[in-house]
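As structure tokens, one chain now follows by itself in the form predicted on its own.
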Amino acid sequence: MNRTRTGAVAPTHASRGLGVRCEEVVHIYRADGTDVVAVRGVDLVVPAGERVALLGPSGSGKSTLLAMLGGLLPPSAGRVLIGDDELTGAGEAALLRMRAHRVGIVLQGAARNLLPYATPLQNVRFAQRSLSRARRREVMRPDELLDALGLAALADAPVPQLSGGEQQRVALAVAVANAPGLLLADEPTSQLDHPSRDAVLDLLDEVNRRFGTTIVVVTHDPDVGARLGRTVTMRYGRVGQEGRHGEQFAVVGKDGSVALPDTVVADWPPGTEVLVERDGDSIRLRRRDS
């Protein structure tokens, strides 16, 4: 399977990747009688087959945006499209079908993703229960998935007996069991040691390569972002920076706003007056002397 220059999987007859598009997406929730804007005016395009890490501090809107991409939270304004399907206004039955067949989701709190009375092997088999015989031959086998994540010896252990990190890896196996067109994972490596983290990232590479799965991961780990290739950094509910293979770029919003890199913000606190000067094709920012 070939890749384009952007890192997306080049379309083939076997590719099932789903593209993602957000257009001026807003999410507002109510807390203690006050409206809180968690996501404000996000524009984001993820081509089919691309791998993206959402970075940013706690409370920046990463998990909220991921939940909207999975149809778990409705946007208060704007549009969310997965492939050719617009989620805005979609009924719960349609969203359930999408998550069952086309979109895999790993939520924070691994136990939320699993059948607690079943074993890891039974959980993965349950996720594949509706696959046709032909499709079952295409996807990764349950034992193959668990082995790839270092869980072969725990395949028949009851889920409650597993550690948090082990449950986290089982949850990922369940989410990719059907080789979904889109995988959404919220902090899938947060509780893992380095070998287990690397096993998770190797599996993400594998499902992306074999099935063209588009991958969007929320993480605080910059090493995970570097491995995925493209990073989108959020701050105060907005997309502020994008990175591609080590290079960081500020993103100009539709209102002309630009989120400065963290290294600049550390020296220029809110309220700093900045001169914007054009020099040919270059733009220079200069702090106004007081």
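Because the structure is predicted, anything quoted here is derived from the model rather than measured. Just count from 1 along the sequence shown to find any residue number.
There is another form of the same protein, the form predicted together with a small molecule; it is not shown, and what comes next is about it.
A single residue from the set 59, 253, 261, 47 has any heavy atom within 4.5 angstroms of the small molecule in the predicted bound form; that residue is 59.
36 is the sole member of 26, 226, 265, 36 with a non-hydrogen atom lying within 4.5 angstroms of the small molecule in the predicted bound form. Contact annotation: residue 231 falls outside 4.5 Å of the small molecule in the predicted bound form, judged by heavy atom distances.
With a 4.5 Å cutoff on heavy atoms, residue 63 counts as touching the small molecule in the predicted bound form.
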